[in-house]
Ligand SMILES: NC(=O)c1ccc[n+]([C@@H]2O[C@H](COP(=O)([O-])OP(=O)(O)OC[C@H]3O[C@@H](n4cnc5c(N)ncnc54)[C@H](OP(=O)(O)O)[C@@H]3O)[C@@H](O)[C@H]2O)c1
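The form predicted alone is given below as one chain in C-alpha cells.
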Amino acid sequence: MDRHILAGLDAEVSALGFGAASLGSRVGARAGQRLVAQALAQGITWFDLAPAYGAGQAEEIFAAAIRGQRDRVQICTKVGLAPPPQPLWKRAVLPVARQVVRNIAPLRGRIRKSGITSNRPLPLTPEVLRDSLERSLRRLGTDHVDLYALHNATPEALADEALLRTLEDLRTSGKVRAIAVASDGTAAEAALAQARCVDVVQCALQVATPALVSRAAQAGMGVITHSVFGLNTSPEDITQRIAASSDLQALHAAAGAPSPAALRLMAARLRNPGGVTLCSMMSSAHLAANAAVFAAPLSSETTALAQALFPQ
C-alpha cells in the first residue's frame, strides 16, 4: 500500500482511505467488521467516519472491528450531520430491508428520493462541536481522533471567531490532532484563503483541481478526495475510447489492461499524490481491487493512459 506523510496532520497515512458511510446501513455490522479487518490486512489505515454514517451505527461498528488496534489506524470523524430518526421498529426491520433493497436496484433510487434515509444538518456552533466530538469519542472507544472535519461548513462559519476558538481549544486538548473542512469547492477555497485552524481540506475529486492541490501544498495543508467514481466518464465510454485509438490500446495492454474502475482510481491517485483518496468499499472484492491500484508505483504507461483518459 502506498503510504506518505499527509500535510497538515504530519502523520504517515495510507493513500487509499476507507469511506465508512455504509457501515450499518447498506452493510450490516458483521460484514462491516470483516471489511474493516480486511482493509487493515491490505494496508489501509485511513478510515473516514461520521456520527450520521450507517444510520448512526458506523462509528460503533468500526470501534468493534479495531478493538485493541487503535494505534494501527487514523480516524477522521465529522460534525454537522445527524442520522435520520431511528425508532426501534425501524432498527428491527433494517436487516431484512437491507437485503430486499440490495436485490432491487430501482427500489434504492425511490428510497433515496423519498428522503427517509436523509441525514439532518446540524448548526455548527461551539456547543455542537464539543458535544458531537464527545459522543463520537465514546462510540469510537478512543480518547482522540486524528482529524475532526466540519461537514458542509460555509465560508461564513470559517470566519466565526467563536467557532475558530473552539476548534483551537479542541486541538490543544489533544482530543483532536487536526481540523478539516469537508465541504464543497467554495468552502475549500475559503479554508485555503484564511488557513486558520484548518489543516486539511476534503472535497469531491472534481473540485480538487491542480491549482487547489498546489495551493494546499503551499499552505502546508493536506487534501482528501472522494466521489472518485463521479468522474464524468462512464465505463462504456472509457472502453470505447480505448478501442478507438491504437495508441491507447497499446498503453492499455502495456499497463496490464486495467478495468475502467481501476483507471478512474489511478486518475484520482495522480491528481492527489500526497493526499488520501476515499472509496466506499462495500464488498471484499471491491476492497481488494481498490487496494491493488494503490499497492505499487504507477508505471509510465499507466500514468500516460490515465492522463489521456482523464485530462485535468
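The structure displayed is predicted, hence computed values, not measured ones. The first residue of the shown sequence is 1; numbering continues from there.
Omitted here: the form predicted together with the ligand. The next part is about that form.
Engineer: Evaluate residue 286 for contact with the ligand in the model of the complex, applying a 4.5 angstroms cut-off between non-hydrogen atoms, and reply yes or no.
Structural biologist: Residue 286 belongs to the contact set for the ligand.
Engineer: Indicate whether the ligand has at least one heavy atom within 4.5 Å of a heavy atom of residue 281 in the model of the complex.
Structural biologist: Heavy-atom contact with the ligand at 4.5 Å: present for residue 281.
Engineer: Given that the partner is absent here, does residue 53 sit within 4.5 Å of the ligand in the model of the complex, heavy atoms only?
Structural biologist: Close contact exists here: in the model of the complex, residue 53 approaches the ligand to within 4.5 Å, heavy atoms only.
Engineer: Would residue 182 sit within 4.5 Å of the ligand in the model of the complex, counting heavy atoms only?
Structural biologist: So residue 182 counts as contacting the ligand.
Engineer: Non-hydrogen atoms within 4.5 angstroms of the ligand in the model of the complex: do 8, 129 and 199 all have one?
Structural biologist: Not one of the three qualifies.
Engineer: If you check 31, 66, 248, 261 against the ligand in the model of the complex, which one has a heavy atom within 4.5 Å?
Structural biologist: Exactly one listed residue reaches within 4.5 Å, namely 261.
Engineer: With the partner removed from view, which of 220-228, 169-177, 119-127, 133-141 is the stretch that lies within 4.5 Å of the ligand in the model of the complex, judged by heavy atom distances?
Structural biologist: Result of the contact check: 220-228.
Engineer: Using a 4.5 Å heavy atom cutoff, which residues in 12-50 contact the ligand in the model of the complex? It's fine if the answer is none.
Structural biologist: Contacts from 12-50: 19, 20, 21, 26, 48.
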